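Single chain ahead, written as structure tokens, the form predicted on its own.
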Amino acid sequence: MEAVNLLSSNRYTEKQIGYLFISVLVNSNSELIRLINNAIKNDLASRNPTFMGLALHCIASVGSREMAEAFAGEIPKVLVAGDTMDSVKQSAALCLLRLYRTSPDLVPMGDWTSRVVHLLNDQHLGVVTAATSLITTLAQKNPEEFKTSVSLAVSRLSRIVTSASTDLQDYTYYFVPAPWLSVKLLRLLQCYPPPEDPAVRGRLTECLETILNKAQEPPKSKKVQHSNAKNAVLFEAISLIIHHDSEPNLLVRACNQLGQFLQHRETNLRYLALESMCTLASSEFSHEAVKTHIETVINALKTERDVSVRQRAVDLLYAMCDRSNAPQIVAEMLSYLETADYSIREEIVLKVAILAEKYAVDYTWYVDTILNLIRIAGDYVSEEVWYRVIQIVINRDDVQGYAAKTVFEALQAPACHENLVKVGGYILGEFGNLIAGDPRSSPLVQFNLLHSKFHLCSVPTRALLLSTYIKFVNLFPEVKATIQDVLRSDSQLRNADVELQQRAVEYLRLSTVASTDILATVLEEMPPFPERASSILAKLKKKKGPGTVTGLEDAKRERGVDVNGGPEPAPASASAASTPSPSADLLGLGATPPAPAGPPPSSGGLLVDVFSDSASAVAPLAPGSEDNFARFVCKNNGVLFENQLLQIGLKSEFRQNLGRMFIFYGNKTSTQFLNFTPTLICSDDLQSNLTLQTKPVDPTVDGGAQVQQVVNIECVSDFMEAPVLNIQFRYGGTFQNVSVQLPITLNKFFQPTEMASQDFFQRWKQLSNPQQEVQNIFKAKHPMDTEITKAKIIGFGSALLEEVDPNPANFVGAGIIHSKTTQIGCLLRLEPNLQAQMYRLTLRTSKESVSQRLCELLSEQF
């Protein structure tokens, strides 16, 4: 009570002691809370800046729901009032931020929200810093209401980064002007996509270029505080560049800057550089630049003393891996695995398994890699990994004999890990006949080798080996008697484990009474496993933590798609095999399409409704989705759409007239999405030219989680439009309806064709009819950079033909558009005019509509 009385004092020291006591010791349920609230209201209304500051500090310190109910409506008025002093504005902004974080539902959005944005223009940088913290938090939940903050934040950031250290003396920290405010502004800009206004976008690009340029300048001080402040701004700027993923020049420059930090003596900088480069590796524009640092990253893996830095190095090697460097990276990760810290061994095993499968051109290399993995770190090889090698060996006829020979040789080691025995037992039981012609691996030798491991294994492995033995009875009649003796022994028929006992009894009886034909039918070779997504990838994501929206970024890093999918096999058993399905192509599109759920749609425009109830009206395309669509013309992976609730990421692969697209739906909120229904919509014309098959999606998406949908694609004939993806769901009782164009365009079915100069121009002349050529002369929309232009033409799908055009400044390409009904050859020529900042694009194909469509798509890229 004495403390409450002190609040009524007009002396600062007494009032301060009263507020201090209340902030620390008074419970929010105290009977005195009403008296305290009245005293705080009096101080807020007093217009005395000192007393107002004390009251605001007390509210923020207590931060209870009762405080929010009492003052959440008052504090915004103090914040935006014209006569409020700067120090009080700072306190009011931070106090409101505290209440919003504890009780967001009690802080009303109103007229003050538009006025608080203009605090970014305040002359007092302390007010701007506090307001930026508040706006960033509010914008994460209500981005549309604070969209106007983007231009103001860019303007303020521009003034800071272009100022000299003497211009902002009160807010310059070791020669770095306003580093805390710069970081906060950059974080605020990460709440939004790149600005649509060209002037604002250009100014932001200048700011980011200036920050990157300053990072190259010699340090103005040798003190660690200077480098810390400078690097804090730099890393936040790089995070913004990665978030926007739209400026190739900035992405490559950011990568080069981070590369310089990889060998820095400061451990924290090396860690942050590796972490940021992991994200950069997911961008189509900077992936190649990241790959140039592979030797430095491998060296860090070998020599780095800090385990957390080594783990980031492993992550970066995984992110930068592609077909060109997969053997080198997998070999280095296997080498490191022998001495790796126990805490990260399982993660490395999963990553090696994923990379070996994803980029295996020669599957004998894949088999060798997985067996080596089991030898080095068998204890950390989960069931998903050895299941996966079984799936791939069974599904690929060309590797079965090699796999049988390799596991047979591996099993001859005196000490074998149990996982190797499982793999060996399964493969020899299926394909041991392929190596039985060699006396060194005769049927009896194979059986004796496996049985020598039997007594050292656990019960599940023994059960698998018993299944292998009965398979041998069918494959090798000459060892039937030997195997029956083993099955007849007391150690099997009277085994304490009921599973082993039952298998021994049933297998013995089967081998005794069944005819040769029945044995051949029951014990025939396992059929190919159905194509399905790899479970190893799911295991890796589970190990990383619960599914979050950042998982979309992981998905972007996985630049190839799983092309050898299949569910986990059960251990080999005597169960009757189902009818084998034909070997699916690499993309798995030969599989039978899923049965439609429910009645067919009445509208001809609705292609497929993914296991949903009747859909509501389709929303118009989301703002900005057309720009994102254009970005995907020359790339296959990335974030297609993002708002405050939902993030949609894509990962896709195309081969000839077939394609597969993985769509990742991320819930950015903490609340469940209910009745989540994605639907693909095509016009009548598009339906006849493009076949899409989808798999169902869970109708409930937990807060912070993501779900994946697979779309199988077949190009039947050339097409002009793109399908629309409509997503409908309920969030917090509110119906949400979002539509975006799905970037499935004609150029995705391009296959590059290499041609000599003479062949190119001979074919060029053959396509000289007016209806076969389309030409477009247009102004450059982006900087005319030669390397970026080359990358875009290659990303478009055609082969880039070097030294073909007489003018070395021109770009020429060739390729074939594949569809189910026909193949259409395509030649292109791009002539840049640097002086006029213009391009002339000429496309020639045997079909006018194809020339027109490809010209439209490619013109938008430059």
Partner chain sequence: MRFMLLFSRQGKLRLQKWYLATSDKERKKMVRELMQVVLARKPKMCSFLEWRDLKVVYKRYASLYFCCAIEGQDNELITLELIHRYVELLDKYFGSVCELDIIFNFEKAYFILDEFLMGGDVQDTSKKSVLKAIEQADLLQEDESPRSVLEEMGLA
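Residue numbers count along the first chain shown, from 1. Nothing here was measured: the structure is a model prediction, and the numbers come from that model. Take the two forms, superpose them, and find the largest set of C-alpha atoms that agree within 1.5 Å; that set is the rigid core.
Not on display, but discussed next: the form predicted in complex with the partner chain.
- Contact with the partner chain, judged by heavy atoms within 4.5 Å in the model of the complex, is confined among 410-418, 671-679, 234-242, 702-710 to 234-242.
- In the model of the complex, residue 91 approaches the partner chain with a heavy atom inside 4.5 Å.
- In the model of the complex, the partner chain sits within 4.5 Å of a heavy atom of residue 179.
- For the chain shown alone, residue 229 is a contact residue for the partner chain in the model of the complex, at least one non-hydrogen atom being within 4.5 angstroms.
- Contact annotation for residue 823: none of its heavy atoms lies within 4.5 Å of the partner chain in the model of the complex.
- Though the partner chain is absent from this view, in the model of the complex it lies within 4.5 Å of a heavy atom of just one residue from 268, 121, 364, 221, which is 268.
- Site annotation in the model of the complex: the residue of 775, 263, 114, 308 reaching within 4.5 Å of the partner chain with a heavy atom is 308.
- Along 181-214, residues 183, 184, 187 each place a heavy atom within 4.5 Å of the partner chain in the model of the complex.
- Taking the rigid core as fixed, one finds a CA shift for residue 442 smaller than 2 Å between this form and the one not shown.
- For residue 102, the Cα coordinates differ by 2 angstroms or more between this form and the one not shown after the core has been superposed.
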